[in-house]
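Take a look at this one chain, the form predicted alone, written out in structure tokens.
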């Protein structure tokens, strides 16, 4: 555990407070997380005016997305101090008078330094009206019943709206990190198992109206009533290149596509979608799995984990972990850089895991990856993973 003397941190916080009071504060960046495995990479802090009162606006920069939270000045300063004492090694404070840096070393030593200012103009503060949401008050949200006629989120649809917002944030982050795909003028997306189309509509709206791409989005769904409803809404809101087609994921003849989505496809339907995406050489494969029955039934025994497997709920969760681990490894074995992370808090949905594969042209250590899969299957007496059979 890192033992700190807080004198220089206190001095740094005093300098920050004085710059805010004197209206010379421009921004503060906290970086170099002490926990290298943490998703949180940086904290970016600026001043904002919310409801007529000054606040500090925090952008939590994670591996896969940015999260913005606003705090009153006093609370914000407390959080900055806490993060310097426990989370980050480096602070860079920019004011119109000087730049101030604080570096904390692993042995607890601290170094304060002041240099000439990068910014000499008086800071401008972000206001409520300047907030640029990736998901706005689009008409499709009203037609799908997420918003009422006045553009307010329906009481029962709050979690769904948050899920849509989070989904679009993730898509935005993934596309920006995939430079070749982000630069394309046109992007084709196929959503396998699109359901009522909440996220299918959202990605089309984002690509077309926010990124100004020539988007073509297809939703694949088996229920006739859902297909008819979604096509009707797409036509009504003038989403010309958004369409919904009938098909089972396993049977659907997937054409060339840039992005393959499969959100909450049940059990092995997720594997069917991943397989289709790999074969179509999709640049991005994005899945949020639902149900893991195949591996749960396939688990026979485990010398190490037998006590876990004796409890039904724990066996079910272990099956989820094994299933999605093998999916991620098989994506890697087929030329995809893979991430597995929480899609949205379980407060809003229980189906919250997301697997993302980004296609690359680098060297793939296929044999090594397949050995890992075999070792994992052997541990639990599993004969085959369904996705393995497809591939």
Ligand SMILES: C[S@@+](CC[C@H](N)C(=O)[O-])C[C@H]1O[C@@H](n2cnc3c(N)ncnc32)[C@H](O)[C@@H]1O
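Computed from a predicted structure; not experimentally measured. Residue numbers count along the first chain shown, from 1.
The same protein also exists as the form predicted in complex with the named molecule; that form is not shown, yet it is the one meant from here on.
A single residue from the set 142, 240, 97, 223 has any heavy atom within 4.5 angstroms of the named molecule in the model of the complex; that residue is 223. This chain is drawn without the named molecule; in the model of the complex, the residue among 80, 263, 295, 207 with a heavy atom within 4.5 Å of it is 263. Per the 4.5 Å heavy atom criterion, the named molecule in the model of the complex is contacted by stretch 240 to 248, the sole one of 299 to 307, 88 to 96, 240 to 248, 112 to 120. For residue 319, no non-hydrogen atom is located within 4.5 Å of the named molecule in the model of the complex, even though that partner is not displayed. Contact between residue 146 and the named molecule in the model of the complex is not found at the 4.5 Å heavy atom cutoff. Put simply, residue 157 is far from the named molecule in the model of the complex: not one heavy atom of it is within 4.5 Å. Among heavy atoms of residue 254, none comes within 4.5 Å of the named molecule in the model of the complex.
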